[in-house]
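Only one chain is included here, represented as structure tokens and corresponding to the form predicted on its own.
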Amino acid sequence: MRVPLITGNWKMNTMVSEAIELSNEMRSGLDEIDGVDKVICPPFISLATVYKLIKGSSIKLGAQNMYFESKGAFTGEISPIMLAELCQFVIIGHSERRQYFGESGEIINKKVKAALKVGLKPILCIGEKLEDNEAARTEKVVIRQLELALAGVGNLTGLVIAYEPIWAIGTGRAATGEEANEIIGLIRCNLAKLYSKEATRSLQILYGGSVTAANSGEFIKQPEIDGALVGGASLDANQFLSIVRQTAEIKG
């Protein structure tokens, strides 16, 4: 059995004071829910503060991005060894990083390897554009993204995959549960060819893209989907708690 995972990506939201308030609103409720891995990913400025707030709880901490070098003259960047003191997870290859900051498959590959090297668990994001989806190129696009991101990565240990169709991120337009389950099943099948069936049996694969408390059950009940990467809804403590609670009830 794969343990379900719900991750909240706060993106470029919350001042430090707001991150403190949100973390405190979530902590006790999340601690009451068993059988689900829970991760929150605040902005960099709040990581150290939130780390102290959730220490000793069931909540794990993740970062939203990182650079692939350990140290050096890279003004404004955050390295994997800096994050490893605070975080267990790091989001890599989010479509917003690909689209707005020009991150290529090669750069994402370097980040995945750098994260794994220091013991961080990458949440590797993949997903197709609307035109790819409408032209039936979804499988081709996401498998190519996987091949580029995982080139030279010897095994899947410590890795999480998040399938996020770009056309569903922040748009309010989510894929159906059946659609997402089919693509995630194809991802798992293709990874089994690259690695092994045994390796993919324990691999957590999440769905992301306009997930809310109202629709999360549709995705979580699907057999191939192991959880969700939640964006806007993770900024609402009640919604995030509801998503985690529904996940525990469905997958428990």
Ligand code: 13P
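Start at 1 and count along the sequence shown; that's the residue number. Worth saying up front: this structure is predicted, and the values here are computed from it rather than measured.
One more form of this protein should be noted, the form predicted together with ligand 13P, which is absent from this view; the next part is about it.
Undergrad: For the three residues D37, D226 and Q246, verify that every one has a non-hydrogen atom within 4.5 Å of ligand 13P in the predicted bound form; reply yes or no.
TA: Looking in the predicted bound form, the three residues D37, D226 and Q246 all stay beyond 4.5 Å of ligand 13P (heavy atoms).
Undergrad: Check whether I169 has any heavy atom within 4.5 Å of a heavy atom of ligand 13P in the predicted bound form, and answer yes or no.
TA: Answer yes; at least one heavy atom of I169 falls within 4.5 Å of ligand 13P in the predicted bound form.
Undergrad: Would S23 count as touching ligand 13P in the predicted bound form under a 4.5 Å heavy atom rule?
TA: No, S23 stays farther than 4.5 Å from ligand 13P in the predicted bound form.
Undergrad: Please tell me whether any heavy atom belonging to G62 falls inside 4.5 Å of a heavy atom of ligand 13P, as the geometry stands in the predicted bound form.
TA: Close contact is absent here: in the predicted bound form, G62 is far from ligand 13P, nothing within 4.5 Å, heavy atoms only.
Undergrad: Taking ligand 13P as it sits in the predicted bound form, is E139 near enough to touch it, meaning that at least one heavy atom pair lies within 4.5 angstroms?
TA: Output for E139 is no: heavy atoms all beyond 4.5 Å of ligand 13P.
Undergrad: If contact means a heavy atom within 4.5 Å, which one of 73-81, 90-98, 114-122, 139-147 is the stretch that engages ligand 13P in the predicted bound form?
TA: Going by heavy atoms within 4.5 Å, the stretch is 90-98.
Undergrad: So which residues in 217-234, when you check ligand 13P in the predicted bound form, have a heavy atom no farther than 4.5 Å from it?
TA: Contacting residues: L229, V230, G231, G232.
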